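Take a look at this single chain in structure tokens; it is the form predicted alone.
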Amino acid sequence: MKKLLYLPLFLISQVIMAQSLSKSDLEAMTSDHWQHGLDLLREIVSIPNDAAYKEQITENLIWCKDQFGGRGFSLTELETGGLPLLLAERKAENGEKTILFYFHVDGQAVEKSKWNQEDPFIPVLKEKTSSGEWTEIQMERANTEYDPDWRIFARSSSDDKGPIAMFLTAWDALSENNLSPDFNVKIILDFEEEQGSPLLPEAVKTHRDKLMADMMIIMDGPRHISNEPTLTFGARGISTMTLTTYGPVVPQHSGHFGNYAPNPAFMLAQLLASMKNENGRVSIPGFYDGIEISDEERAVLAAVPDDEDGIRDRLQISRIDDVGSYYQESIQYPSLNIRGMNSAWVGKESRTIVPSTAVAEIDVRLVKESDPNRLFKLIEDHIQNQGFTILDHDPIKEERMKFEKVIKLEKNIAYQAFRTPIDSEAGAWLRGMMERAFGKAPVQIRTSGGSVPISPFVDALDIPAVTVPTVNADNNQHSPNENIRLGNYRDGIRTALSILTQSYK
């Protein structure tokens, strides 16, 4: 692959040179800085980053300050009342517009015993055997060999430290070739995303003036399952509810009090079952109201190259819920999901009792048309129609004795959905960037199924936002054995290079 050592020798303006970089130029720059990029990735994922442990986040904050500050970015800690946001800025000479990039630095908790390696924060290189198993190989092999299907396994390798390392590698490649963006760059680093970024909405309002930009790019999340270059123009929001039902004040012997003391697990199960029909569609009246998909939008959804049979095969399911007729259509609607249930004990600890409580954790994924407060009200009305008295606290004796069916309801709106029109100026700019980087049009996704805390920026700053995902879809994010495919990491560096060299005036 050709080198780019000739670039600084041309007596031509930096801006013109940057915008003239072709697909082969971007590939060459990526190749030249590949080892540096691997070093950055291994370094950043070696720092534990569970947001529940402030001392871990402090180490990551220091690392980010060193990395971005050392590259000439001005740094500002934006106070939130909890863990700060870190804003890094670089102004372009005669830069007319500003792009705000979003990354998050924290990761999901780890359970070491579930990982197939000694420590999730000691990255290992693996290749797949002929039997389909991942086996560790010497990390040093990546210094002299390259196989796009090799993977680095470590917590946050894909979600979301890999993209940070891609961006830094691309920045260094430009700097070493005496190139720079023709737009101002702002980078917001979030250290509580995996905790739901609870303080971010108010922080964005407070620091609105510092965050102002013309466009927002989110470098988080996986590419389409086809692993083709992808642009995602929206994401569902998320809200949660916790429902607790009550039986006897303490668990009772099921022989003595079965058939007598009402069982809260049955009460909760019956309530939850009443919220959806047997085909998986929410049966609460009005839940899907307001969702309209035009013929043009349906054409965008249908153009996504999903393999419906392959998805069902991967999930090992024989049917899908009766909300949409295919995957992309299904995630255009709000969802009602039981994410966890608990009552008494199971397995070796099971015992013959009537439990005292039963708990269900619910998440409601939101789309742009969803009003979470309206959906909460619909759910609460439904619960009351099932004969429950709703409380916001554990019932006292008098309430237990007075009401036949008592339920405690706790709720939280994490963040709203967002969606940028695919035919927007931002969409056209990013499509051009992708086509220059890869020589073909990207997969375009109207709304992703997952959630990222971007709506506070979109609402407060009134700017378009688009996600540029880079990592492999089968990266096990949030789970044991999280990984990043080397081919995706390499493509991610090239993507970041193309973004930073795409003219934006």
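Start at 1 and count along the sequence shown; that's the residue number. Computed from a predicted model, the values in this text were never measured in an experiment. Basically, rigid core = biggest C-alpha set you can superpose within 1.5 Å across the two forms.
FYI, the form predicted in complex with another copy of the chain isn't displayed, but the following is about it.
Only one of 261-269, 170-178, 114-122, 77-85 places residue heavy atoms within 4.5 angstroms of another copy of the chain in the predicted bound form, namely 261-269. Among D363, E136, E369, E380, the residue placing a heavy atom within 4.5 Å of another copy of the chain in the predicted bound form is D363. Checking I390, I413, V359, A303 against another copy of the chain in the predicted bound form, a heavy atom within 4.5 Å turns up for just one residue: V359. In the predicted bound form, no heavy atom of A428 sits within 4.5 Å of another copy of the chain. For D321, a non-hydrogen atom is located within 4.5 Å of another copy of the chain in the predicted bound form, even though that partner is not displayed.
Proximity of R151 to another copy of the chain in the predicted bound form falls outside the 4.5 Å heavy atom cutoff. Not displayed here, another copy of the chain is approached by V346 to within 4.5 Å at the level of heavy atoms in the predicted bound form. Of all the residues from 309-339, those having a non-hydrogen atom no more than 4.5 Å from another copy of the chain in the predicted bound form are I311, R312, D313, R314, L315, Q316, I317, S318, R319, I320, D321, V323, Y326, Y327, S330, I331, Y333, P334, S335, L336, N337, I338, R339.
Taking 2 Å as the criterion, W134 does not count as shifted between the shown form and the other one: its C-alpha moves by less than this amount when the rigid core is aligned. A movement of the C-alpha atom of A92 falling short of 2 angstroms is seen between the shown form and the other one when the two forms are aligned on their rigid core.
N178 shows a C-alpha shift below 2 Å between the shown form and the other one [criterion: core-superposed Cα displacement of 2 Å].
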